[in-house]
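Shown next as structure tokens: one chain only, the form predicted alone.
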């Protein structure tokens, strides 16, 4: 079965454009098909109150979507005065995923803010944010090392994520919006570059599913993340 000119186990066209912004310590424009996310990493020379005088740093993330990232205008959450539950969940996921790849003590008492702004959405915005966020974070860490601000490389491994799902009776990887909207099973996998799991989110949208189906999705995700990791490494090798 082919979909949108690609096979069931084939990722959408993916690209990472590093250091596209002048001011952040690290930035990356990531594209998963028609999903485009601008990710930036900003270094702050202090940590949250709960980490003061503990000799370690912190990674935190914020996520937002531009009003016309989708086919109809969505009101800015700042105008509403509060974040939706979905936004809070995604930015916590991005923060957890990226912290898992960092030796926080190596950062010293400084914080790196990862901002993920969705320019255009067509499914998989959270997984694209994690992938682009990692590239921005890695660039910021490289800059801190080059400036001798920190002495030890803080990154323990790379981090990438991809969506998988079952649409009808067919397992797919890297779902676009139409596929995700019709998925019987919807899952997101976050993994390290060496293939260790960081987080798995899986839901039977249309009912229960089997462990064999879950294992198949995991296998597809693992294969896809290997390809994403290769592209991340290529992008970072430019700097």
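Positions refer to the first chain, counted from 1. Since the structure is predicted, the reported quantities are computational estimates derived from the model, not experimental observations.
What comes next is about the form predicted in complex with a further copy of the same chain, which is not displayed.
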{"query": "Segment that reaches a further copy of the same chain in the predicted bound form - one of 146-154, 164-172, 116-124, 129-137, heavy atoms within 4.5 Å", "finding": "116-124"}
{"query": "a further copy of the same chain in the predicted bound form: contacted by all of 179, 221 and 231, heavy atom 4.5 Å", "finding": "no"}
{"query": "Residue contact check: residue 53 to a further copy of the same chain in the predicted bound form, 4.5 Å heavy atom", "finding": "no"}
{"query": "Touches a further copy of the same chain in the predicted bound form: residue 86 (any heavy atom, 4.5 Å)", "finding": "yes"}
{"query": "a further copy of the same chain contact at residue 71 in the predicted bound form, heavy atom, 4.5 Å", "finding": "yes"}
{"query": "Heavy atom of residue 18 within 4.5 Å of a further copy of the same chain in the predicted bound form", "finding": "no"}
{"query": "Residues in 172-203 with any heavy atom within 4.5 Å of a further copy of the same chain in the predicted bound form", "finding": "192, 196, 197, 198, 199, 200, 201, 202, 203"}
